[in-house]
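Okay, here we've got a single chain as structure tokens, the form predicted alone, with questions on binding and movement later.
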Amino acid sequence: MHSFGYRANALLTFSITILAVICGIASFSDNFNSPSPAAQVQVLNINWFQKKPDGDDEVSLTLNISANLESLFTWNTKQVFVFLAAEYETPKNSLNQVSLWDGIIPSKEHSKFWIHTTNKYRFVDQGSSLRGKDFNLTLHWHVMPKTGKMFADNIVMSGYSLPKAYR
């Protein structure tokens, strides 16, 4: 006959194999979800736009951020990390990204939100190339599943510009 250790090992191996197969099926089922999130950002005010003593430009914005991210949540979603970035071009770099605000959405109940805020992180450009600059505001999100791979996407909102003179 087989010993107790051999039987326990066979049962444990079988259980872990079944668990891995179920996790694989769960992860695969997320591929059939086609999310359609919506977002809108309004720049209400440019609080200040100044040149710092070291020569860099700095901007402070007042924003209204509203989003409906409910479609990102499935039974396999643990949480969603969201951040708003200002994106613009300079002669030195074809793409500059500055994070203005971020948040963690822990559940579907919190996935519809409206926030009135100033930028949480400093909007600073290394140099003095922000005057009169057009920029996009991009809402990025990273979906963190309970099992399987993370995925990320974004919504780009264009048509924003900074003043030609410091305030």
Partner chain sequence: MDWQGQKLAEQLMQLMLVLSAAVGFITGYVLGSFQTMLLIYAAGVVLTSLITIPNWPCFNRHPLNWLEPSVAEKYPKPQPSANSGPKKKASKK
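Residue numbers count along the first chain shown, from 1. If you're wondering where the values come from, they're calculated on a predicted model, not measured in any experiment.
In what follows, reference is made to the form predicted in complex with the partner chain, a form of this protein that is not presented.
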Pick from 144, 22, 156, 152: which residue has any heavy atom within 4.5 angstroms of the partner chain in the predicted complex? 22
Heavy atoms within 4.5 Å of the partner chain in the predicted complex: which of the stretches 23-31, 101-109, 60-68, 42-50 has them? 23-31
Given that the partner is absent here, does residue 167 sit within 4.5 Å of the partner chain in the predicted complex, heavy atoms only? no
Check whether residue 76 has any heavy atom within 4.5 Å of a heavy atom of the partner chain in the predicted complex, and answer yes or no. yes
